[in-house]
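The form predicted on its own is given below as one chain in structure tokens.
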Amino acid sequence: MSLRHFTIAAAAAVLLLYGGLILSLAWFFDGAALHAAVRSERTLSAVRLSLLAATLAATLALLLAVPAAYALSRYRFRGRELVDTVLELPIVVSPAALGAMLLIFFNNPLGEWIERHAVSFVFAFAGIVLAQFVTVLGVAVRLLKTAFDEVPVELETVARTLGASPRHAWFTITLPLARRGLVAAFVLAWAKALGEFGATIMVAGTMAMRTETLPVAIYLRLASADLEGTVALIVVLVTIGLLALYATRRLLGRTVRA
């Protein structure tokens, strides 16, 4: 088998694996259950909560990830290797463990003070956003560092020799050239936050109409042995995520052609 055929076969295997999982939902798919789930106020509340929390978490992650990724891409500083290593924490540690770490933090004196005098995170909407933020931050920094690595340093140097300050060069040269990476990082962080479950359930719990996101709603339906309802909610979640990724690919494709 040639290299071309082998690699294409591997790509087809990936498609078969994930496509097969999606198609397997058809065995328990019920149009009436999907219609009832979509019209249910509890489901609509879970969708709204998921979309709002994922958007806030992804936005906050990018606000911190953009300067952090640029520092890792351009500068050599003390502790850089440690920061680079810690970014792998959401990969080597499960989301449930990250959520447990957050919960333990809020049982420490500092965390208890924050809960009482600043913002309440445990069993609250803010806890959903925090759990998702912690889960997606490392991924966002990794993606953005790659985007900044692809921007030639020489362009920034030329801009500075022409009188631009480092900040002005960053806003007018670096960020515009890395915009595709910025968009991709935001959408992937958003999609990951949308489907986040382990850390969310640890910090925010499963309170209906309050902290019940779509993944939590799926878990609760499955726990009650409602397979048709579970499949209906999975279809809703998968549809939202795939539509967002498809729209982003189209947008980035148009940007490249322009």
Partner chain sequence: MLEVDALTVAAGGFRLHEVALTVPDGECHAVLGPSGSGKSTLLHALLGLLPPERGRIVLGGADVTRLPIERRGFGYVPQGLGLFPHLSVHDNLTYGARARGVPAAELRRLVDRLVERTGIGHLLDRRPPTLSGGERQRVGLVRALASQPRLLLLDEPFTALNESLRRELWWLLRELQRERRLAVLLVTHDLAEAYFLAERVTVLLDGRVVQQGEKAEVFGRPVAPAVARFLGVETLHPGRVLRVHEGLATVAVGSVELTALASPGLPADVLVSIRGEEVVLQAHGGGASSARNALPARVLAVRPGSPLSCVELDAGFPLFALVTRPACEDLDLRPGQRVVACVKAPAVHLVGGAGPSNGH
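Note that the structure is a prediction, hence the values are computed from the model and not measured. Numbering follows the first chain given and starts at 1.
Unshown form predicted in complex with its partner chain; subsequent notes refer to it.
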* Of these, 168, 74, 80, 180, which has a heavy atom no more than 4.5 Å from its partner chain in the predicted bound form? -> 168
* Asked: Quick one: of 94, 146, 172, 120, which gets a non-hydrogen atom within 4.5 angstroms of its partner chain in the predicted bound form?
  -> 172
* **Non-hydrogen atom within 4.5 angstroms of its partner chain in the predicted bound form for each of 157, 161 and 176** => yes
* Tell me the stretch among 149-157, 106-114, 184-192, 125-133 that has any heavy atom within 4.5 angstroms of its partner chain in the predicted bound form. => 149-157
